[in-house]
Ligand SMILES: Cc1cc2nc3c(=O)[nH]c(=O)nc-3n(C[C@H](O)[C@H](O)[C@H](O)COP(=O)(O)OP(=O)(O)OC[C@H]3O[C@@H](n4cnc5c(N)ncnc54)[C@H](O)[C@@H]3O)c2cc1C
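We begin with a single chain expressed as structure tokens, specifically the form predicted on its own.
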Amino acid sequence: MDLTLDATQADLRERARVYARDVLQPHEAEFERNGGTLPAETIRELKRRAIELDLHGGSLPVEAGGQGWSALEQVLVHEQLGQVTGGLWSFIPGAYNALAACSPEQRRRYLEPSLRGERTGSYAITEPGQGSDARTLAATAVEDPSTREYVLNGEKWFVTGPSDTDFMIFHCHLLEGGERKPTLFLVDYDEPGVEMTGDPDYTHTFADRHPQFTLTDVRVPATAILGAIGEADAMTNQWFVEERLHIGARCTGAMERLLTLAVEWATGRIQFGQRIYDFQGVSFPLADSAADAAAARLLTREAAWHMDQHADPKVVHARASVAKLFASEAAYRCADRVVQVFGGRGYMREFAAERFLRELRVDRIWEGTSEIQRMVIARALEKRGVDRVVG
């Protein structure tokens, strides 16, 4: 396994670093002070710069209008985006990988405008009565034979997207001939019967909100089906695996920035006649987090490499879970340690360490909790073999 970056990959990483450091980070404090909002003109500029740097639609194939990045290249980019607080990377134009299955008409209505930064979509999966098991979702679609339309009903929580999000990928069960066929539908927010029933605040202040929606007898044509009937679980799982790699990568990037800030502070801060960095109670926890950061980076890149080599999807799934589990747990420990290094300053929202402490907590929950990752890994150890999961 060779994880050495070639010139193209190194250039991509540098473009992502420039975007994260020079374009996004300068807006972090303003975004936090404003309670998670930026002026519309600023958001348009963030989107424009992302397109200018060829960072839009990275995970989508070239034939779908994306950049066609490999899994490793996606990880390289998200390592840099993870160095930004506020989830400001959400303003990069793009789309969920499920939209690669768009029909020509769907591509014109949803995918192409998303890649231009004119539309933004969400993924509506989670429900109040169901957790991480998509097989138990209660949302349904039923065909009305008189109109050939589908009638959608269901309640969705954590429908994640920034404030300009205007359509969703609705994951439900199509009821057909006594069968429950998991199917995806593209649904505009302004369709009759679509209601945002809640928009709660969360621990973090993110560009993405996580509102709640109820769909009541929403009528859509058959052309709203995304992909094939019965394929939703496979399509959604593909996104989960990809996003777990992205989370692992962003956690790695967050640790890099946290450690950079902590070392700079601790080596310049004098107490009791010496640098606080020279106290083992300060430097040793940072050393532990440096080891964690290095391990998380290798785990995430290795999992991406296996995906790019078209390894057994079940093994890739397990390795992505390993990366997400380790990186998310380690990043939160790192943020806690760095807040301690900064002392009272670390508890102030104007300091990145405090924001990371709030923001990194959710990485142990969304796209599958740490407990779900452990279940995936444990089952893979038994069914695929220890050597294939950790070797």
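All residue numbers refer to positions in the sequence shown, first residue = 1. Keep in mind the model is a prediction, meaning the values are calculated, not measured.
Unshown form predicted together with the ligand; subsequent notes refer to it.
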One stretch from 100-108, 175-183, 245-253, 157-165 that, in the predicted complex, holds residues within 4.5 Å of the ligand by heavy atom: 157-165
Contact residue in the predicted complex, chosen from 90, 283, 126, 120 - any heavy atom within 4.5 Å of the ligand: 126
One residue of 29, 365, 51, 348 in contact with the ligand, assessed in the predicted complex (non-hydrogen atom, 4.5 angstroms): 365
Output flag, 36, 257 and 353 jointly within 4.5 Å of the ligand in the predicted complex, heavy atom basis: no
Non-hydrogen atom contact residue 14 with the ligand in the predicted complex at 4.5 angstroms: no
Contact test in the predicted complex: residue 204 vs the ligand, heavy atoms, 4.5 Å: yes
4.5 angstroms heavy atom contact with the ligand in the predicted complex for residue 10: no
Contact flag, residue 372 vs the ligand in the predicted complex, heavy atom cut 4.5 Å: yes
